[in-house]
Ligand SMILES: C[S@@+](CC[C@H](N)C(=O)[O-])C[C@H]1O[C@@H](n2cnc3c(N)ncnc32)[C@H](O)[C@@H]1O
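Just the one chain here, laid out as structure tokens, in the form predicted alone.
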Amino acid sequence: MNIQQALKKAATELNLFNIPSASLDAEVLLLEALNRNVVRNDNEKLDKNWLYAHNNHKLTEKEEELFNNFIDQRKKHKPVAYIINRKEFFGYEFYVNENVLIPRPETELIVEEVLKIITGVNSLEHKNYSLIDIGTGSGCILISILNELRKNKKNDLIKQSIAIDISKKAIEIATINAKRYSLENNIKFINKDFKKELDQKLFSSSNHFVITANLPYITDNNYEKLDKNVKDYEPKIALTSGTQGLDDIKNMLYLISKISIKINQKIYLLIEADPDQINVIKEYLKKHFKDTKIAIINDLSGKKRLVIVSLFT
């Protein structure tokens, strides 16, 4: 079987199982099979251009076996990212498996806004920031921020970086990703419930904090309606948060509201949420916080997605 035949057969099979983007998925999975079959350097991996320039390339028995195995997994609605164990986020590639959420494009907003806070016109560039990533998962948010700062030679603005997750397996994956970008010594990984870490002692360790929180925010009811590729494969603990989907977010906000902010100290908090939850979060903030500036950022589809809270004295 050659490449053209393999792609056509696979796309037809995937369509029968109502798999969206069947042709695209077939291409990605075939490239994965080809690249896994031969040990190549990262810079020598085959890409789509090679794929279509070699339509008549005959698959080896091993390549065909690998490809068929990948297609069988995809027929069961297993996400492509979990089959090939990687996902691109903010231009960087991250290792993922079923112990962490697959990074979403809308979450890149958090990285963009953090970089604006730290390096923008109104930033405190002469100050050192502490970064805290709550519910770090694959580590994609924090690692992307540190990668961008290093690329722009501004990593000296960061005093410390902390990644917190209740899942031990998630912390292990985040550590793998940090090592990939030689950041394992730049990040302190904490495998605990964030409710045990957000205390006065932590916030006394630095003048300025940027806290990123992509916590679970799907309601228990909506969880039952999720697509199979999400519900059957992604970790429920990283998706759901009570009847309103706000248990974890409210717990975090409550803990931070009890922190005594020092004179001239600034705390920036960035929270991703469902568009329908944004107004509820705003009201909670107004009720529990004083001297608070709140900004709402829309995602690429124009929906409210990110809440940025600025706390100061």
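For every residue, the number given is its place in the sequence shown, counted from 1. Nothing here was measured: the structure is a model prediction, and the numbers come from that model.
Although not depicted, the form predicted together with the named molecule is the subject of the following passage.
Student: Even though the named molecule is not shown here, does residue 194 get within 4.5 Å of it in the predicted bound form, heavy atoms only?
Tutor: Looking in the predicted bound form, residue contacts with the named molecule include residue 194, since a heavy atom lies within 4.5 Å.
Student: In the predicted bound form, is there a heavy atom of the named molecule that lies within 4.5 Å of any heavy atom of residue 167, even though the partner is absent here?
Tutor: Result yes; residue 167 sits at the interface with the named molecule in the predicted bound form.
Student: So in the predicted bound form, does residue 145 come within 4.5 Å of the named molecule, heavy atom to heavy atom?
Tutor: No, residue 145 stays farther than 4.5 Å from the named molecule in the predicted bound form.
Student: Residue-level question: is residue 177 within 4.5 Å of the named molecule in the predicted bound form, judged on heavy atoms?
Tutor: Taking the distances in the predicted bound form, the answer for residue 177 is no, it never comes within 4.5 Å of the named molecule.
Student: Determine which one of 150-158, 128-136, 200-208, 68-76 lies within 4.5 Å of the named molecule in the predicted bound form, judging by heavy atom distances; exactly one does.
Tutor: Residues of 128-136 come within 4.5 Å of the partner.
Student: 3, 31 and 84: each with a heavy atom within 4.5 Å of the named molecule in the predicted bound form?
Tutor: Checked in the predicted bound form: no contact with the named molecule for any of the three.
Student: Identify, from the list 114, 162, 101, 80, the residue with a heavy atom within 4.5 Å of the named molecule in the predicted bound form.
Tutor: Exactly one listed residue reaches within 4.5 Å, namely 101.
Student: Find the only residue in 118, 173, 238, 187 having a heavy atom within 4.5 Å of the named molecule in the predicted bound form.
Tutor: Selected option: 238.
Student: In the predicted bound form, which residues of 278-302 put a heavy atom within 4.5 Å of the named molecule?
Tutor: Stretch hits: zero.
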